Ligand SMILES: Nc1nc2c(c(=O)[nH]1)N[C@H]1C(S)=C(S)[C@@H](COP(=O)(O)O)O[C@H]1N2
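The chain below stands alone and is given in structure tokens; this is the form predicted alone.
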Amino acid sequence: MQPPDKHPKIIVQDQQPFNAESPLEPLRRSFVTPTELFYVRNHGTIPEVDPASYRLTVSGMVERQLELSLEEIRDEFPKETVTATVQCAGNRRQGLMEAQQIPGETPWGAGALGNARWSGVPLREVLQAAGVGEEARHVAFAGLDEIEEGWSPNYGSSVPLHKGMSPEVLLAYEMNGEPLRSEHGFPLRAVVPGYIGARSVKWLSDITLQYVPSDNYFQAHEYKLFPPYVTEETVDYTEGFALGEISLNAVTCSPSDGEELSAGPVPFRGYAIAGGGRTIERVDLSTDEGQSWIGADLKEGEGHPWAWRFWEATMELDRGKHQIVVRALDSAADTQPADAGGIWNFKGYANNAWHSVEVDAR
């Protein structure tokens, strides 16, 4: 069932478990994504959690095990706010599906992400209260959602300890100035800026410090990246690597693909995002498959290293159909691959090939 108060134009991909993405033109209107427009990614049921009886357990390679109520988390630890974009690892999977079939996976467009103001306790404050053991190398999270039979009893993942101790990583209990809604992880969730959304575990119940990464199905099996020559029939899940930082990406949000518009000066608007705290330094557009480019103006997002960056450009279009591609360049001088075929993988993750829209100028 669709959660209440979601935007009427939200694009529902699956009803059970509920998964939905944002339509691109409304998504681009606000630097901070309204909660009702924010994408939803679930692997199982949305749990109903009683905030009065809720407890967060911190255990493993710690000096003292903690069991914290929601009240203790809110009242006994400092509150911080981080503006951060959370993005599904499968964002833009549809583009990979167009290059080659990917059966059984959700055909996400380019709206499986959103940017919010997250408020809560820095994870490192809770870890320091527990005392970090010398041999600890990873922070494992477990959620309260119930997963379909045959997978895992609950959703879980982990991040390296150095990331978990970074100041931007939160145990969030507020989203855009309000308590988390149930579909976004009420009463508490991890928010790991710069990493794929799969690491920002919702309905958080347990934090475990350990020497090795999480052995939860979704860390050890599901969210792994494999090369194009590996298929579902030939895959060895002990190989590949667990996805971490999100990929550099740029997307045109308006005009939309297939839109008819008037010839002449046409405004283009979109978003760009870089992982790992790197910043967007340039966005380019081309009408001739990358033979020549024009630069876009960078807009909202400066000073927010964990958030997307908005961009705008005006292009002079003659009458006829035009294919417009966009690419970004980040502060590490990385840019995007031109073709989705070269980065195809059978799970459909991390598509950051040039994004394109075709418009018809009349």
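Only a predicted model underlies this, so the values are computations on that prediction, with no experimental measurement involved. Numbers for residues come from their place in the sequence shown, where the first is 1.
The following text describes the form predicted together with the ligand, which does not appear among the structures shown.
Novice: Thinking of the ligand in the model of the complex, which stretch from 291-299, 330-338, 58-66, 33-41 has heavy atoms inside 4.5 Å of it?
Specialist: Of the stretches listed, the one contacting the partner is 33-41.
Novice: Check whether residue 93 has any heavy atom within 4.5 Å of a heavy atom of the ligand in the model of the complex, and answer yes or no.
Specialist: No.
Novice: Is residue 281 near the ligand? Define near as a heavy atom within 4.5 Å, in the model of the complex.
Specialist: No, residue 281 stays farther than 4.5 Å from the ligand in the model of the complex.
Novice: So in the model of the complex, does any heavy atom of residue 200 sit within 4.5 Å of the ligand?
Specialist: Looking in the model of the complex, residue contacts with the ligand include residue 200, since a heavy atom lies within 4.5 Å.
Novice: Test of understanding: in the model of the complex, would residue 206 fall inside 4.5 Å of the ligand by heavy atoms?
Specialist: Answer no; every heavy atom of residue 206 is more than 4.5 Å from the ligand in the model of the complex.
Novice: If the cut-off is 4.5 angstroms on heavy atoms, which of these, 173, 268, 223, 77, is the one near the ligand in the model of the complex?
Specialist: Looking at 173, 268, 223, 77 one by one, just 223 meets the 4.5 Å heavy-atom criterion.
Novice: If you check 164, 120, 143, 275 against the ligand in the model of the complex, which one has a heavy atom within 4.5 Å?
Specialist: Selected option: 143.
Novice: Can you list, in sequence order, the residues from 166-192 that come within 4.5 Å of the ligand in the model of the complex, counting heavy atoms only?
Specialist: Contacts from 166-192: 183, 184, 189.
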